[in-house]
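The chain that follows stands alone, in the form predicted on its own, written as C-alpha coordinates.
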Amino acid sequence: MSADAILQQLREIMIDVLDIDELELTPETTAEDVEEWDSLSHVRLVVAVERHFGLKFKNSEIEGLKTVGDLVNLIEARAA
(Lines give C-alpha, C1' and ligand atoms only; values in the text may rest on other atoms or scores of the structure.)
Protein backbone atom coordinates (compact mmCIF):
# COMPACT_ATOMS: atom_id res chain seq x y z
CA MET A 1 0.00 0.00 0.00
CA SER A 2 1.37 3.40 -0.97
CA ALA A 3 2.01 6.24 1.46
CA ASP A 4 -0.61 8.35 -0.37
CA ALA A 5 -3.24 5.61 0.04
CA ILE A 6 -2.42 5.28 3.75
CA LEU A 7 -2.61 9.06 4.17
CA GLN A 8 -6.02 9.18 2.49
CA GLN A 9 -7.33 6.37 4.72
CA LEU A 10 -5.94 8.13 7.81
CA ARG A 11 -7.72 11.31 6.75
CA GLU A 12 -11.05 9.46 6.60
CA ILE A 13 -10.42 7.80 9.99
CA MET A 14 -9.50 11.14 11.56
CA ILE A 15 -12.57 12.90 10.15
CA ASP A 16 -14.72 10.18 11.69
CA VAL A 17 -12.96 9.94 15.07
CA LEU A 18 -12.55 13.70 15.53
CA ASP A 19 -16.10 14.31 14.28
CA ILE A 20 -15.14 17.06 11.85
CA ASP A 21 -16.40 17.77 8.35
CA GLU A 22 -13.14 18.49 6.56
CA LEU A 23 -9.46 18.00 7.28
CA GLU A 24 -6.37 19.10 5.41
CA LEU A 25 -3.90 16.32 6.19
CA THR A 26 -0.25 16.22 5.14
CA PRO A 27 2.70 14.16 6.35
CA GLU A 28 3.81 17.21 8.34
CA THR A 29 0.49 17.57 10.21
CA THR A 30 0.74 17.32 14.00
CA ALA A 31 -1.84 17.23 16.78
CA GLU A 32 -1.14 20.93 17.37
CA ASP A 33 -2.42 21.68 13.86
CA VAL A 34 -5.87 20.16 14.49
CA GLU A 35 -7.94 21.82 17.22
CA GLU A 36 -10.04 18.70 17.92
CA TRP A 37 -6.98 16.42 18.30
CA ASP A 38 -6.39 16.25 22.06
CA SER A 39 -4.97 13.48 24.25
CA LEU A 40 -8.26 11.58 24.52
CA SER A 41 -8.94 11.72 20.80
CA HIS A 42 -5.33 10.63 20.22
CA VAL A 43 -6.03 7.36 22.04
CA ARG A 44 -9.25 6.90 20.05
CA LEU A 45 -7.35 7.59 16.83
CA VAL A 46 -4.69 5.00 17.62
CA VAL A 47 -7.33 2.36 18.37
CA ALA A 48 -9.23 3.19 15.17
CA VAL A 49 -6.04 3.04 13.09
CA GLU A 50 -5.04 -0.29 14.64
CA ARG A 51 -8.47 -1.75 13.87
CA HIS A 52 -8.60 -0.39 10.34
CA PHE A 53 -5.17 -1.64 9.34
CA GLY A 54 -5.22 -4.82 11.44
CA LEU A 55 -2.16 -3.81 13.44
CA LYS A 56 -1.21 -3.55 17.11
CA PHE A 57 1.33 -0.85 17.94
CA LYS A 58 3.77 -1.02 20.83
CA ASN A 59 3.65 1.81 23.36
CA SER A 60 7.17 2.85 22.37
CA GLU A 61 6.06 3.15 18.72
CA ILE A 62 3.08 5.30 19.66
CA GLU A 63 5.19 7.54 21.88
CA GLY A 64 7.63 8.10 19.02
CA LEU A 65 4.98 9.50 16.68
CA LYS A 66 5.30 13.24 16.17
CA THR A 67 3.66 13.78 12.76
CA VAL A 68 1.10 12.09 10.55
CA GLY A 69 4.03 11.18 8.29
CA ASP A 70 5.57 9.23 11.17
CA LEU A 71 2.32 7.28 11.48
CA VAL A 72 2.21 6.64 7.72
CA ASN A 73 5.79 5.33 7.85
CA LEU A 74 4.99 3.09 10.81
CA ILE A 75 1.93 1.63 9.08
CA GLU A 76 3.96 1.06 5.89
CA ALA A 77 6.71 -0.71 7.82
CA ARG A 78 4.34 -2.88 9.85
CA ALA A 79 2.11 -3.77 6.89
CA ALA A 80 5.02 -4.93 4.75
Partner chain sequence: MLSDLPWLPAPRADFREAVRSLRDEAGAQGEGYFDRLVRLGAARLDENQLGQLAKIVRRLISDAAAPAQFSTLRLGLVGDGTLSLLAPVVTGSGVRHGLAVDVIEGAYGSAVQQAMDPTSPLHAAGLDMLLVSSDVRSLGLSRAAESQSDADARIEAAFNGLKMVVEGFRPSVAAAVLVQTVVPPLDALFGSLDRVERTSAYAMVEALNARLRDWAATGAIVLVDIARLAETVGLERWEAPGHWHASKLPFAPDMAPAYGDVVARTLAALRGRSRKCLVLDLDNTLWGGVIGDDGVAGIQLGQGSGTGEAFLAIQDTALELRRRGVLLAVCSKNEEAAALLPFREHPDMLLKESHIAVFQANWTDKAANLRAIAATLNIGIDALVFLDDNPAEREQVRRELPLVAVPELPDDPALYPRMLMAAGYFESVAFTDDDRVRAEQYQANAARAAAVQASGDLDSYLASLDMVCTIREVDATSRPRVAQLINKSNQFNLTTRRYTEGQVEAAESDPRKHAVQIRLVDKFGDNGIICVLIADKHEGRRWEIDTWLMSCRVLGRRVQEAALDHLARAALAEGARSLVGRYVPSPKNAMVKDHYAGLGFAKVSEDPSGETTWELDLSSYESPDLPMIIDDPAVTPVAARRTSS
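Positions refer to the first chain, counted from 1. Please read all numbers here as calculations on a predicted model, not as lab measurements.
What follows is about the form predicted in complex with its partner chain, which we do not show.
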> If you check in the predicted bound form, do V17, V43 and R51 all have a non-hydrogen atom within 4.5 Å of its partner chain?
Replying inline: yes
> Is the gap between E12 and its partner chain in the predicted bound form 4.5 Å or less for some heavy atom pair?
Replying inline: yes
> Using 4.5 Å between non-hydrogen atoms, is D21 touching its partner chain in the predicted bound form?
Replying inline: yes
> Out of 52-68, which residues reach within 4.5 Å of its partner chain in the predicted bound form, heavy atoms considered?
Replying inline: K56, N59
